[in-house]
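Okay, so we've got the same protein chain twice, two forms, each given alone as C-alpha cells, structure 1 and structure 2.
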Structure 1
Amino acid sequence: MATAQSAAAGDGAFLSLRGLRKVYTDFVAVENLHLDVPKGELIALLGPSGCGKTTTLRMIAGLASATAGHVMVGGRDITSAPPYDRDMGVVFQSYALFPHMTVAKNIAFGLQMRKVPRAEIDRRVAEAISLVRLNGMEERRPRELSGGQQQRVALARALVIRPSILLFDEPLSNLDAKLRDEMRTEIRDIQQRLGITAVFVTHDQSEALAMCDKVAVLNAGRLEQFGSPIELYEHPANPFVASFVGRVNRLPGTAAGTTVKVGAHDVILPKPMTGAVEVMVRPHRIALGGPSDTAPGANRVTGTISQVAYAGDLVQYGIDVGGTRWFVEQQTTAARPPEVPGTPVSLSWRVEDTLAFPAQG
C-alpha cells in the first residue's frame, strides 16, 4: 500500500511507533504500524470505528499490551513499561474523573502520585485551573459540572503533571456541536502554547484537519496515509483516504494517457494513467453553468439537475450525467435562488482538481 511514511526513525521524531501490532483472539486490531511524531506537534489518528485508532492510543498509554512492535519516546523503548511509569496524560472519551473527589483533588492526584511538595501542588493546581478557566469550581464534585466543564477538568488533570505526551481519546464526541468547536480551539491553543507533543484520536475528519499538524488515516488496522491536512485532502494516497477525508464523486472510467473516458465524456487527468481507473472529483470544486457554456482549459460534462437539497450555507445538487448521479455543492447567495430540478446544466472543474486511482478489485 502507498503509505507516505516508511523511512527509518525520523530524526525529529519524539514519539515513534515501530511495527506496532495488536491481535485479539479473533481479529487483528492494529497491523504493522509505523508512525513518527515530532516533538511539540499535535497529530490525529483518524478512521472509522473499529479501525484500530483507540487500540493504538491504548498501546501508547500502556493500557493495552502490544502483540509485536515497539513504542519509543525520546529514543527510549517503553513498550513494556506499565502505564504508571510512562509519564503520559490521557484525556478519556468518558472523561473518567474520580467521582468521589473534588475538582481540585482530581487535578492534584497525579502530583500526589509524584510526591510533589504540598505547596507546589497547590500552586500548580491553581495554575491548571485557571488555564482551563474553571476558577471558582475547585470544590465542586464532577457530577455537579456540565459536560464541557468535566472535559476541562480532565484536560487540566492530564496537563498538570506536565506529561511528555498528551493523549486524547475522542474527547469531544460527547459534547454538543457548539461546545465541540469551542473546545477544539481551546485544546489546540493550549497544546501550542505549552509546546506539548500530543496524539488525538477521532473519527471526525473535520476535527482532525482543523486541529492537527498531521493526520494518520487508519483503516482496518492499517495506516492508509500520514501527512498534513493539505496533503491528505489534495493528494490522497488512495480511494479510501480520498473518500474518508472530505466528500467525493466516484466515477469509473477507462484511461489512456491523460484522457479518461467517463461515460460519454472525456476527462483530462493531471498525470497519465492506463486501464480501468476510478476518477474522483470533490463536489464543491465543481462549478455549474449553462448547458452550452464553455470552460477553456477545464474538464466539463453536461447533465440535468434531479435533486436539490438546500442547507442554508450550501446547496447540494444531485445531477444526472448520462445515467450516473453526480453531487455538486455550491455556496448560496441572496442574489440568486438555487436551481430547480429538471434544469440542464454543465459541470466544470480544473484539471488539477481531478483525482484518479487504478480501479480496485
Structure 2
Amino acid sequence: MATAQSAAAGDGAFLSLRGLRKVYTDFVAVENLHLDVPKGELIALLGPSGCGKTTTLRMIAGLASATAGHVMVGGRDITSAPPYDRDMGVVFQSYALFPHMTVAKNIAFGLQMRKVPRAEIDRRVAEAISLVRLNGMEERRPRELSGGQQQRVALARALVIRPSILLFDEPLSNLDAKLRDEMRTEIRDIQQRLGITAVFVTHDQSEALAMCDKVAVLNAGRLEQFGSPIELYEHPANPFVASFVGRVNRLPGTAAGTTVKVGAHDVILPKPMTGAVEVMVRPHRIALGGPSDTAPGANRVTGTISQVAYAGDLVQYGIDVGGTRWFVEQQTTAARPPEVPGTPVSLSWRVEDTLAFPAQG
C-alpha cells in the first residue's frame, strides 16, 4: 500500500502521477511512472507505439484503472474516481462525434448531461464555436465537415464543459501534414489563452517539441526523460532519447579521455570517457566542405557523397566515411545546387555538438 508521502503531489504541481503502474495479465504497460505537471502547462507524452503513453492518458482520465500508484489533481487523489468526477475533457484521435447531431448539439452534449440550464448551454456553445472558429457551421453534421473542422468540434466539445485538465489522444494523426501544422498552432494558442493544464499524447517528436512546455519520453512503459524541448534535444539522458527526439548519426567508437577513435578518425568529446562508446552527431549540425578544407577547433572527418535527396527546404546527403554511412542535412538555397554523388567532401562540427554514451550491451 502506498504511503501518504508517496501519494503526495509534487511541489507546485497541479497534476501529479505518483508511481503509476498498469499491468495487463503478464504484460507491464506502464511501470513506476512519476510525473508532475504545473498548472497551465501543456506537456507531451511522447514515444513509439506500445510505449505506454495512451495507457497513461487513459489512467489519468479514469478510462483505465491503475494497478498501482496515484493520480493527483490539485492535491486531491482521484485514482479511484470515475471519469465523470474528474473534471477532465478528452479529445480523441477518432474525434468520436455523434454523426446524427449537428455541430452545436455535439458541443452541447456534455453540458446537457451535466443538467446545465438551456440559456447557459446556448451561451457557452456560442463561445466555444467562436473560440475554435466554426461560426456559421452550427447546423452542419460531421459528414459535412473536413477533418480539421471535425477536430475543432471535438476540441470545442471538450472545452465547453470548462475542465480543469484537457487530454489529447493523438488528435492530429488523421490530418494531412499542412492541416496538422495549422491545428497544432491553434491548439497551443487556445491552451495558452485559456491557461488550461493539458496532456498531449503523440508519437511525432516534431509535434511534441513545437507545441509543449515539457515532454515526457516513454519507452517500454518507463519514463526515459522529462524536460523542456531544449533540454531533451540538447542534453538527452541516454541513446534512446537522443535518437527518438530528432535524428542522429550513431557511430561506435573507443574512448580514452576526451578522444574517441571512430573508424580511422579521432573525434574530440566535450567531456572525458573511457572504453566502448556510442558517438552521436545530429545531421543538421554538420557542415560540408571540400576534402582539404580545415575546421580549427572542430571535429572533422572526410568521405564521399553516396546519396542525395532533395526535400525542398533541405538537402539530405548520405556520405561514405571509411565504409560507414553518415547523414548530413543542409538548408537549400537557389544560388547553390546540391552536390552530386561521388563528390569528395569533409564533414565538420563543433565539439559541443558531439553526444557520447557508454556502449550498451
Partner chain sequence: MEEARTSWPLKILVLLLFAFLLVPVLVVIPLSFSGENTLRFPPTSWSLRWYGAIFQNQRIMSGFRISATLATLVTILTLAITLPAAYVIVRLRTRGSEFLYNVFTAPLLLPTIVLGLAILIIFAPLGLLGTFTGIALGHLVLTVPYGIRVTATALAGLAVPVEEAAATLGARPLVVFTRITLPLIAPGLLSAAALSFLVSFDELVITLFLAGPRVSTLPFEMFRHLETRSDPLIAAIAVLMIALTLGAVMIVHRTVGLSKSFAGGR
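As the structure is a prediction and not an experimental result, all values here were calculated from the model. Just so we're on the same page, residue numbers count up from 1 along structure 1's sequence. Here the rigid core means the biggest group of C-alpha atoms that line up within 1.5 Å when the two forms are laid on top of each other.
The form predicted alone corresponds to structure 2; structure 1 is the other form. Superposed on the core, the two forms barely differ at Arg123: its CA moves less than 2 Å between structures 1 and 2. The two forms, fitted on the rigid core, differ between structures 1 and 2 by 2 Å or more at the CA of Met113.
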